[in-house]
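Shown below, as structure tokens, is a lone chain in the form predicted on its own; questions about how it binds or moves come after it.
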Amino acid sequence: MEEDQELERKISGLKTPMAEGERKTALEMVQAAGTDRHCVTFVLHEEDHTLGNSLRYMIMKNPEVEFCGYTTTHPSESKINLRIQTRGTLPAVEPFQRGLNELMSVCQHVLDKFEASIKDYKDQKASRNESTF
């Protein structure tokens, strides 16, 4: 119960800017009446296939996840519905958070490698220019 309240506090803190200073929730957790915490739909506003497919892949790597899929509601709307169903030993929130963290780690690794490659390229280019003089 406390975990659910903590998640609600985290989710309510995720806001995206709107016109005239209004803010709307960037993430919603939707749970059908009568279902347990093992099958949840997360609605991610202002997101598309880029995050949806990457996050689905990262979440599906977890062996405790039975199903994970996403849909876009409509091409003119920028939100996705991400559905997670676990095998019953784990609430769906945990693989969602783990998937986000793992995806951020992968993105950071790619960014670090990219920046290192740019630095190497510039260093090689500078050394070639020095040797031509």
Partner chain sequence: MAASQAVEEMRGRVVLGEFGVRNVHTTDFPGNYSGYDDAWDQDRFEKNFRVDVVHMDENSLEFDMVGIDAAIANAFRRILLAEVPTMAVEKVLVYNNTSIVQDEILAHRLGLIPIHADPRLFEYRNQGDEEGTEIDTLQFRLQVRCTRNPHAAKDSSDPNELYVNHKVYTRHMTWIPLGNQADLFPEGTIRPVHDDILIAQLRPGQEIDLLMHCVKGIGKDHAKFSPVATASYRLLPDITLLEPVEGDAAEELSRCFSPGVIEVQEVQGKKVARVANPRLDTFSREIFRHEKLKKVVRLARVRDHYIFAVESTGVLPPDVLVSEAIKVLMGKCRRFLDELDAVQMD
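Numbering follows the first chain given and starts at 1. The shown structure was predicted, so the numbers you read here are calculated from the model rather than taken from an experiment.
Separately, the form predicted together with its partner chain exists; it is not shown, and the next lines address it.
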Answer key: of Thr35, Gln85, Asn53, Asn81, within 4.5 Å of its partner chain in the model of the complex (heavy atoms) is Asn53
Practice item. Flag this candidate site as yes only if Met58, Asn101 and Met104 all have a heavy atom within 4.5 Å of its partner chain in the model of the complex; otherwise mark no. Key: yes
Can you tell me whether Asn62 touches its partner chain? I mean in the model of the complex, with a 4.5 angstroms heavy atom cut-off. yes
*Within a 4.5 Å heavy atom cut-off, is His74 in contact with its partner chain in the model of the complex?*
no
| request: Please run the contact check for Val40 against its partner chain in the model of the complex: heavy atoms, 4.5 angstroms, yes or no? | output: no
* Asked: Does its partner chain get within 4.5 angstroms of any non-hydrogen atom of Gln108 in the model of the complex?
  -> yes
Restricting to 110-129, the residues within 4.5 Å of its partner chain in the model of the complex through any heavy atom are Val110, Leu111, Lys113, Phe114, Glu115, Ser117, Ile118, Tyr121, Lys122, Lys125
